[in-house]
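Only one chain comes next, encoded as structure tokens, the form predicted on its own.
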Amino acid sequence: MRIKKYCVDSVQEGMLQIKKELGPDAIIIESRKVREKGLRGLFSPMKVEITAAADTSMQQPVAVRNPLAWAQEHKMEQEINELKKMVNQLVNCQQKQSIEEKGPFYRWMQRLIENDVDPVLAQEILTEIHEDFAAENALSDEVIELILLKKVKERLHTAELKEGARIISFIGPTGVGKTTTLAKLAARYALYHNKQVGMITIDTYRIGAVDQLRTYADITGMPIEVVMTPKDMSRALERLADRELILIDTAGRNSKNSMQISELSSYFSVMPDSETFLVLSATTKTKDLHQIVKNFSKVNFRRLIFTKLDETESYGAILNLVHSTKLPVTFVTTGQNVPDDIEVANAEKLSKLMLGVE
């Protein structure tokens, strides 16, 4: 009889090693979860320690085995398969063990990940907390929560609109709510800041887009210009020369279509002073957000607006993108009502959303 212990990341990995070293007839005697020693073990997944055994006396050429021996081996193989199922069930149960056994910050890691924060970023944040407060004997949940909010807030870059910004443009993929966002800001600046606002639209692709903006213009009494070409843009800006603030709506573009993006960027060559926002939906996956930012980089945007915060319950994608790109969020929208459902981005409020804190 040969007995050997294996410390592996998963049962599947252990079974491969056991089969390779002890043969297919090996039997698992014991399986348990163990934690690596040191700081790494605080955040790293627990290891699986498997004790396996093989009867070396049965390792003989198949040719000399009689039918009875073959039947016994077949029965043993079935028993091994049953044992494998039991081990898998055991591991699944062990993965649901109490959070105390997985380290003091495990529950906070899970909360971040459940809110779609990138696991690498979540571990980075919690490692910082552990290193900063390693001398403390124990931190209460309330204290950890406050520290965690501070760490998340530090990574959520926000910035208000620059004082004196006169031309503001909105770009982004289809369906994120650019036109409605523009209408909200136009009404807010006209009604609450007493600014003379004008609007320009180059969204002549989407059916009803111009009519939608004309409706807002008629209600508020703002002038609106419809632009078909970059040359038209120059003339439209001249006609709105008396306006203190000009908001420019663009057609939603498929960020993967480089021709459409190039066409869009040609309009911005005649308005170099534009403060350009990339409008994104909070319901979009992190991977897709990064791809959109990359594909729209031909247009010189420097700020973000996140829409549809009311249509999701996980906000980690915002943190992932802002932290990696260092682009600030200036506004967020929380519904369809014009002009009410828009807010200046607040890092503290957003960080609470990330953690599900009231």
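Each residue number is its position in the shown sequence, starting from 1. Just so it is clear, the structure is predicted and the values come from calculations on it, not from any experiment.
Quick note: we don't show the form predicted together with a small molecule, though the next part is all about it.
Novice: Spell out, yes or no, whether the shortest heavy atom distance between Val176 and the small molecule in the model of the complex is within 4.5 Å.
Specialist: Contact with the small molecule, yes.
Novice: Does any part of Lys184 reach within 4.5 Å of the small molecule in the model of the complex? Heavy atoms only, please.
Specialist: Yes, contact at 4.5 Å.
Novice: Looking at the partner-bound form in the model of the complex, is Glu30 within 4.5 Å of the small molecule by any heavy atom?
Specialist: No.
Novice: Indicate whether the small molecule has at least one heavy atom within 4.5 Å of a heavy atom of Glu313 in the model of the complex.
Specialist: Close contact is absent here: in the model of the complex, Glu313 is far from the small molecule, nothing within 4.5 Å, heavy atoms only.
Novice: Check each of Thr286, Ser266, Gln212, Gln260 and return the one that places a heavy atom within 4.5 angstroms of the small molecule in the model of the complex.
Specialist: Result of the distance check: Gln212.
Novice: Could you check which residue among Thr334, Ser10, Asn346, Gln17 gets a heavy atom within 4.5 Å of the small molecule in the model of the complex?
Specialist: So the residue touching the small molecule in the model of the complex, by this definition, is Thr334.
Novice: Given the stretches 303 to 311, 46 to 54, 286 to 294, 318 to 326, which is the single one in contact with the small molecule in the model of the complex, using a heavy atom cutoff of 4.5 Å?
Specialist: Comparing against the small molecule in the model of the complex, the contact stretch is 303 to 311.
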